[in-house]
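The data below hold one chain only, encoded as structure tokens and taken in the form predicted alone.
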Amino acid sequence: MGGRAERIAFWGSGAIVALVIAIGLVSPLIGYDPAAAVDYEQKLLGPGAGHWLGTDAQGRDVAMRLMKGTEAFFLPGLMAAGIATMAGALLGAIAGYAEGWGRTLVVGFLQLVDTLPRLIFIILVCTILNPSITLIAGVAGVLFIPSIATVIRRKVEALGSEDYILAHVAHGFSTTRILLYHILWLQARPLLIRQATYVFGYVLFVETALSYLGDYGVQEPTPSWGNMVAQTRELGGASAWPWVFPAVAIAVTIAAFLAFGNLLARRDEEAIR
């Protein structure tokens, strides 16, 4: 990707990410009663001054539901990314730097979790326990720990024999400082950025997919981009407004987070060099 094209992609995807974050933070502060929003006299209206993105089959404003739908994945996505990134970084650092039974125990745990199929296991857990988006996000975060820990372990193993790391050891730097600051923060930060944005995008995908299916995700009348898209099954294509905007929002948001995370990590790698 050329320099100018990369800058456009970086700032374009960054703008979308910033918009989603802003909406995700502001949306919980805005009161919304899904039951009170029903108005069958206004159903299936096209975009206009009163309803910027039209209305759905129950006369509810699509723009408002699109905004409130971010609550279904925003904080859960951040939670999953935080769990996977922090735990994966710590366990990967231990697996790459420790020796003996400690390393064996950590590697064995990571291999065990890594054998679990993510989506199937999430559905299985939701079947056994009371399904909620918080549960989905927590399970997804745990299931991504091995993939992050693996890339961090390889990074730690590669850097462990570098002269400057050996010099830190010779000068009496603590293992904790070497791992957390000199390796994870200064050298492995781009890897963690990429992985965190990927986990966030995955949670968005899983939440919308399960909400679309209607069994384990967010249930009507609570808005979710997934159950908004599901309305197309009931409408039979009679109107595009209730589902086309959330469908586009899902695709654009996932693509923007993945692109921005990758480009931000690339810039960070160049800065480290």
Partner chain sequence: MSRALRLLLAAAGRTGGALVLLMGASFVIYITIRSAPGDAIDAISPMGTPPQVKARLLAEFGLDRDPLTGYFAWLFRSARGDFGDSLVVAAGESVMAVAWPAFKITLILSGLTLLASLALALLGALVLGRPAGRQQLLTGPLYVITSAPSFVQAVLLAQGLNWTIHRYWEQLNYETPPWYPIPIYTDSLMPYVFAGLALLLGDGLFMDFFNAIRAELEGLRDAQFIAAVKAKGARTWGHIARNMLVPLVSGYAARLPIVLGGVVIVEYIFTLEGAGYLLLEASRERDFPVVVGISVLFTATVIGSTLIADVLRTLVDPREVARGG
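Not measured: the values here are computed from a predicted model. Numbering follows the first chain given and starts at 1.
The protein also exists as the form predicted in complex with its partner chain; that form is not presented, and the subsequent description refers to it.
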Among the candidates L258, I23, L264, V17, the residue which, in the predicted complex, approaches its partner chain to within 4.5 Å (heavy atoms)
L258
Using heavy atoms and a 4.5 Å limit, would one call T232 a contact residue for its partner chain in the predicted complex?
yes
Are any of the heavy atoms in Y97 no more than 4.5 Å from a heavy atom of its partner chain in the predicted complex?
no
Could you confirm whether L112 comes within 4.5 Å of its partner chain in the predicted complex, counting heavy atoms only?
yes
Taking 4.5 angstroms as the cut-off for heavy atoms, does A63 touch its partner chain in the predicted complex?
no
Among I120, T127 and L213, does every residue place a heavy atom within 4.5 Å of its partner chain in the predicted complex?
yes
Looking at 45-53, 204-212, 66-74, 23-31, which lies within 4.5 angstroms of its partner chain in the predicted complex, counting heavy atoms?
204-212
Go through 239-254 residue by residue and record those having a heavy atom within 4.5 Å of its partner chain in the predicted complex; state none if no residue qualifies.
W243, A247, I250, A251, V252, I254
